[in-house]
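This document starts with one chain, in the form predicted alone, laid out as structure tokens.
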């Protein structure tokens, strides 16, 4: 029997990020009492406020981040600007002020390429924050939800993989996600802390500034630049619209069947990069493509089986790539205006 979200106290650590703010808005819409904890440092307001020479589309991304923060404010969702790396401050905030029943841990450096370039910062903002959150939660939390990644699998050994696929990550990002999963399970073993681990894949949707492939393609098309395709375009990803993931996380909070389980939470059907290119061309017919060598540290992936989460939680994603991408393009057009008025969107 599922639990209603109305009135439940839920803390989102890293909740001002791409997934987090979308999740916070939906939880609040369903009547939950949501608190967002975020330092605004990682791929967020403080990052893009600094005038670093290598920041792409800085002004555009600041607009997007302010849109996130405005939406949280309009929904009445408290934002606690707190660095989760500070164990004592985080503990005081969680245990004396918010007193959540559920914690969703989203804090991370959410980009594999950036993780490989800066392992120290990635560890600090991913695993250190997770350890602090777990330790603060171990005696009082009904459920601890950890957002992992399809990157934990490394190279897929089959066209479709389920949660029992071997964990053989490639690079820093995937390795830290595996370590995070193991740490979460260890806290359950030692302290009986109920958990749910969620593995998304190839997320896309409004208000993302993480430079994911779909986002880059739209911004390139709007600015009249070529689409940069790594490899020959045959590589496949299980593209997942953010609203589908958010609905799945809400189900995981509501259903007791989610306790102490690991779930793939994706659309459940991979598509090739070339198919994504053709979808982009439906919206931007004149766009051209440049092919470049693929990153050797990116694993070859494909479809994640969603049979387990469908059977146990009733998960039902509703956005195939064509539908989700159309909504994403529409949102971008509304954000920047007509393509002729997108001078701030750079190549």
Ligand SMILES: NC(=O)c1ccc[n+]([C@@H]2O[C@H](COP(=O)([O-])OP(=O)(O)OC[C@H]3O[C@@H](n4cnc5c(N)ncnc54)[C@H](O)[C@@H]3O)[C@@H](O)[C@H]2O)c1
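Numbering follows the first chain given and starts at 1. Fair warning: this is a prediction, and the values are worked out from it, not measured in the lab.
Another form exists, predicted together with this ligand; not displayed. Remarks below refer to it.
Put simply, of 203, 137, 145, 258 only one has a heavy atom within 4.5 Å of this ligand in the model of the complex, and it is 203.
Checking 44, 30, 305, 57 against this ligand in the model of the complex, a heavy atom within 4.5 Å turns up for just one residue: 44. Relative to this ligand in the model of the complex, residues 163, 234 and 272 are all farther than 4.5 Å at every heavy atom. The stretch that touches this ligand in the model of the complex, counting heavy atoms within 4.5 Å, is 170-178, out of 94-102, 188-196, 170-178, 215-223. Although the partner is absent here, residue 253 is not a contact residue: none of its heavy atoms lies within 4.5 angstroms of this ligand in the model of the complex.
Using a 4.5 Å cutoff between non-hydrogen atoms, residue 264 does not count as a contact of this ligand in the model of the complex. Among residues of the shown chain, residue 10 is not one whose heavy atoms approach this ligand to within 4.5 Å in the model of the complex. In the model of the complex, no heavy atom of residue 324 sits within 4.5 Å of this ligand. For the stretch 10-28, the set of residues having any non-hydrogen atom within 4.5 angstroms of this ligand in the model of the complex comprises 14, 16, 17, 18, 19, 20, in sequence order.
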